[in-house]
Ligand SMILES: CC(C)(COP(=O)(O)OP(=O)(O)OC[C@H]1O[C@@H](n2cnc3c(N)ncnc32)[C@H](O)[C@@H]1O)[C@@H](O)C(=O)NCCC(=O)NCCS
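First, one chain by itself in structure tokens, the form predicted alone.
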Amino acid sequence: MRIVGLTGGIASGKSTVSNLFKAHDFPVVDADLVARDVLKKGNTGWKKVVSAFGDDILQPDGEVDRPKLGQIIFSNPEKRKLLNRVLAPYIWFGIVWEVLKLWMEGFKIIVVDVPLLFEAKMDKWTKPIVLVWVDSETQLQRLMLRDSTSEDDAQNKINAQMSLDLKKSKADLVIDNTGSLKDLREQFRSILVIVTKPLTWTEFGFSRRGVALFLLSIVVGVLMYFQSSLY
């Protein structure tokens, strides 16, 4: 099984690339969707966050007010670290569980869409790692336009993440999204050629078929052993 890591920064265009993978029938595990599920009212992650941040972050219906929580963590690095520390185990488990379900369905290539791939140390479990990159000025302008926010607020959100240039030095494949959507699609096609290369023997060994063949070889070996011992 090949687990492709997809990452980027806020307003870099990662979601667009994620949707392109989906359009080409690749299963995508979205860490943001997993995090939303973790934060649903009554879940353990929800209880931990409410305990850490108080009832003030809740909406009248008891669900977490995500924009309000976002304002808190983007303006306070210690609060941001606290949130990551509280939620990381539950998000990690959720991602692993989704990957496992797709593995059991027989998918050989799975895309894991994680904004904090490097920060959460998940990069060691994914290969190749695809980064959606833009220059800092483009990122800032797109974020201000997308969220209708001030330059200071947008910059604070960008500064809260690992810089895209640093991620670029760690990634295996880079999509430069400073241009047009047409440019991005052309680069994506090149990425597909690499991502869909035949599985290595190690990757095949971790696929459902590889595991099945391994177990079958053990069963056959055991049967042959007992058969030979009878004569």
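Don't overthink the numbering: it's just position in the shown sequence, from 1. What you are looking at is a predicted structure, and each value in this text was computed from that prediction instead of being measured.
Keep in mind that the form predicted together with this ligand is not shown, yet the notes after this line are about it.
For the chain shown alone, residue 114 is a contact residue for this ligand in the model of the complex, at least one non-hydrogen atom being within 4.5 angstroms. Using a 4.5 Å cutoff between non-hydrogen atoms, residue 32 counts as a contact of this ligand in the model of the complex.
When this ligand is considered in the model of the complex, residue 70 lines it closely, a heavy atom lying within 4.5 Å.
In the model of the complex, this ligand lies farther than 4.5 Å from every heavy atom of residue 126. Contact with this ligand in the model of the complex holds for all three of 36, 66 and 74, each having a heavy atom within 4.5 Å. Note on contacts: among 110, 96, 140, 87, the single residue with a heavy atom within 4.5 Å of this ligand in the model of the complex is 87.
Contacts of stretch 79 to 95 with this ligand in the model of the complex, defined by any heavy atom lying within 4.5 Å, are made by 80, 83, 84, 87, 91, listed in sequence order.
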